[in-house]
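Form predicted alone, single chain, as structure tokens, below.
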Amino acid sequence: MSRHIPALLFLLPLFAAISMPMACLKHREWSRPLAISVLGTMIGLSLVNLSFVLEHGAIHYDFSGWAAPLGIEWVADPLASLILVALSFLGFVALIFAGAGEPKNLGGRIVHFYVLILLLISALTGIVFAGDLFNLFVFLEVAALSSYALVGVAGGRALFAAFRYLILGTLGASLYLLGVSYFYAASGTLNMADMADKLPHLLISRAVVGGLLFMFIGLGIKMALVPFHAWLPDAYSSAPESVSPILASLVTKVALLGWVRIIFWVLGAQAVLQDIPVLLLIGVLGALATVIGAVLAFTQHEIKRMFAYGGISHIGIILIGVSQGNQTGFAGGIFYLLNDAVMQAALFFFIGIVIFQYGIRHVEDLGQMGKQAPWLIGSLVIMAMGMIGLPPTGGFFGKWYIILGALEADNYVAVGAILLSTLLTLAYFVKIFEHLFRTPATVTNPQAVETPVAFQFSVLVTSAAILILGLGSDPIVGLILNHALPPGL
């Protein structure tokens, strides 16, 4: 039974999404508890799956009895299984938050709202488990289509942001698919493991080099890597407050994971360390993204855009970690990916509550909150510590391992980029707290009433997770080092 869990983790939200329109035809209010119960079940299944994989090794699941490389293969290795625990947990918390802050103009379309979220979760699960490059493309597109619709669901300016997201996302998908076709022409296969056996003899092929470049640009757009990031700030700032947390915490991180799979599990660690300067390229772009994202975040006045640019900066930090070509940096990068997913969710939960309760969207207006929600301000302090990289948060230990990996590789430029972005992150959080505490409180918003329990739960759980990841950093990083490293690294 345990060997079927990867398929169940994918099919459970997919079947729930397909059946929800009929199941909730007469009772739209059933859609939220149904979606939450599905994600709660996924948390349990993902923990069982991780335990099984750590004890018995990776699960290679063949759909419909067709063995790889001809059939569709799911690969639940320790890295995928660990990421899926975070995905399920954050999806569950985001759904609880969304229930209290559903877009008010949805009306009878509330069922469609939860269908889209479940489709997004299912597609992200497919990306994490996909064992071949074409199915990775399929699930990238399902996730993207769900994201476009969720961004535009509120109407108004969100429609323009969703359309821009669609145009750039489609361009990224087209470039990725073009790269996959080059790889297939060179190797004659789409299965990642089968391709990994054949590519070492084909690295001088122009098809392989060209395909790799196209896939990198395509996935660079999907993960909002500088300079392909233009779609993200508008999309996240225009999306409904109930949608932004799930997009910010999961979508770009899973796309980044797909790129990590390709360079380390398809090309192979030896190839990227010795034959193709891929790590140098992503290390340079990662350093640029780290600094540029932090600079742009500091210059923002709208809080959602500030946090969006902060997320772009942290994508760069993750890429710095995985590009160092050593185990320490890779483990730090993956650990920081987990932390950043939690931190981005927490930050967008925070600003969602601020917008819902106080109608505040700009940094200069934060003083209007007064001291009515000390629990919310306390949670923001923890989020700021994690984003800046202060102990005992997970953000500190993630940066620590990445810096150790960079020092091990004698990459002082990467160390400098991380330290500079840390100072810039400190600067924009100082700006936030300065307006929060120094501006006289003048609360006039009639919505400033008691905060719903779902809002409190979402912020407090993710804030606690930031601390728990820091306090539990040793076993988690040890798990990555002992079980989730790429072959040959």
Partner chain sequence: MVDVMSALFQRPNFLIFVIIFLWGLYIMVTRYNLVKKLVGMYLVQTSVIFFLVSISAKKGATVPILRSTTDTVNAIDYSNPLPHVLTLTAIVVGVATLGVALALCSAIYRTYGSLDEEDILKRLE
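The structure displayed is predicted, hence computed values, not measured ones. Residue numbers count along the first chain shown, from 1.
Not pictured, yet referred to below: the form predicted in complex with the partner chain.
Only one of 156-164, 239-247, 404-412, 300-308 lies within 4.5 Å of the partner chain in the predicted complex by heavy atoms, and it is 156-164. When the partner chain is considered in the predicted complex, Q372 lies well away from it, no heavy atom lying within 4.5 Å.
The partner chain is not shown here, and in the predicted complex it never comes within 4.5 Å of any heavy atom of D365.
Contact annotation: Y184 falls within 4.5 Å of the partner chain in the predicted complex, judged by heavy atom distances. The partner chain is not shown here, but in the predicted complex it comes within 4.5 Å of a heavy atom of L145.
Highlighted residues V138, T170 and L175: every one comes within 4.5 Å of the partner chain in the predicted complex, counting any heavy atom. Among the residues F134, W400, W265, F356, the one placing a heavy atom within 4.5 Å of the partner chain in the predicted complex is F134. Note on contacts: among I127, L95, L190, A287, the single residue with a heavy atom within 4.5 Å of the partner chain in the predicted complex is L190.
In the predicted complex, the partner chain lies beyond 4.5 angstroms of every heavy atom of every residue of 213-234.
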